[in-house]
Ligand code: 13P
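Quick setup: one chain, the form predicted on its own, written in structure tokens, and binding and motion questions come after.
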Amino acid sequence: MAISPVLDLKEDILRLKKERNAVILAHNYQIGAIQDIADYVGDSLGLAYRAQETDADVIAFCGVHFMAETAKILNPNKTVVLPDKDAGCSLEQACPADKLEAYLAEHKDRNYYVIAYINCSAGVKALCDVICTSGNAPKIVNQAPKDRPILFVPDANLGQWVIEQTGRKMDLWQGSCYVHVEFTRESIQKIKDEYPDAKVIAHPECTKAVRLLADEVCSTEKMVHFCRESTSENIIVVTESGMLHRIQKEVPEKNLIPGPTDHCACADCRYMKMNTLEKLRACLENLSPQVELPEEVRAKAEISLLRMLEQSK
């Protein structure tokens, strides 16, 4: 009987991983096949910890560019590869480092304490006081100095949610995730009408109108815990579609309903879906494309990242 090309591909990846002494990290939004072969699947905070802890020589980061950069910031002497170098992020693009630097210079008198959502470039991280993720953002903001105004970049929806959770005043950079803003109150309500007993979980990158419909607003990692603990059989998952694969593996007894947008039954991030098994094999084989950073930028970005990891304990 002929061997499946997919099985051959997976065997090649596992062989190369062993030869390279590599670890494969995958974000919750990756395609199912990549999640299934990864050593660790998680959200940005969990992946940051795994990148910090690994003793592998090579980190194959299956996610988007800023995530692989984060791994390189924490592991300057390791080889970090990304299956597709063009796997970007609309949030990262919304806040270029040069524009943030110019804004801070223009408002120097404000003496901002800058908190950056991890969905940003290494250059932006280097300009910030501390980083946060959707999972720890309220905790990080609550530890910010009381005597300095806060500038939160780049996600305005996440920032608004954090204000609601903490009561802290913040100035918000007007960036957004192009996937999460496609969910609308109308599209989610339509599904709720079909499943009146269903619970709704939504990512805080969603708009306030969508968050108000949710039974729980939380990070992707906390979505897994909510689904495991919920007594409801039907759960509407309002985030990028890859998350459903992770939850279904861990909580197979639940009926997961993808949160629809006004024009699509589920929401795919075109950047997350650029990574494939073929590209993962190629990057392990060729150790390319590699993530490289100027040491000055990396070292400054590391300070804000380590501060986040310390404050998250």
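Note that residue numbering follows the sequence shown and begins at 1. Here the structure is a predicted model, which means the values were calculated and not measured.
From this point on, the text means the form predicted in complex with ligand 13P, which you will not see here.
Contact check for S134, H203 and S219: all three have a heavy atom within 4.5 Å of ligand 13P in the predicted bound form. Contact with ligand 13P in the predicted bound form, defined as any heavy atom within 4.5 Å, is confined among 36-44, 282-290, 51-59, 256-264 to 36-44. A residue is said to contact a partner when one of its heavy atoms sits within 4.5 Å of a partner heavy atom; M67 meets this definition for ligand 13P in the predicted bound form. Although the partner is absent here, N119 is a contact residue: one of its heavy atoms lies within 4.5 angstroms of ligand 13P in the predicted bound form.
Using a 4.5 angstroms threshold between heavy atoms, R246 stays clear of ligand 13P in the predicted bound form.
A residue is said to contact a partner when one of its heavy atoms sits within 4.5 Å of a partner heavy atom; R211 fails this definition for ligand 13P in the predicted bound form, lying far away. Of the residues in 156-191, only H180 comes within 4.5 Å of ligand 13P in the predicted bound form through at least one heavy atom.
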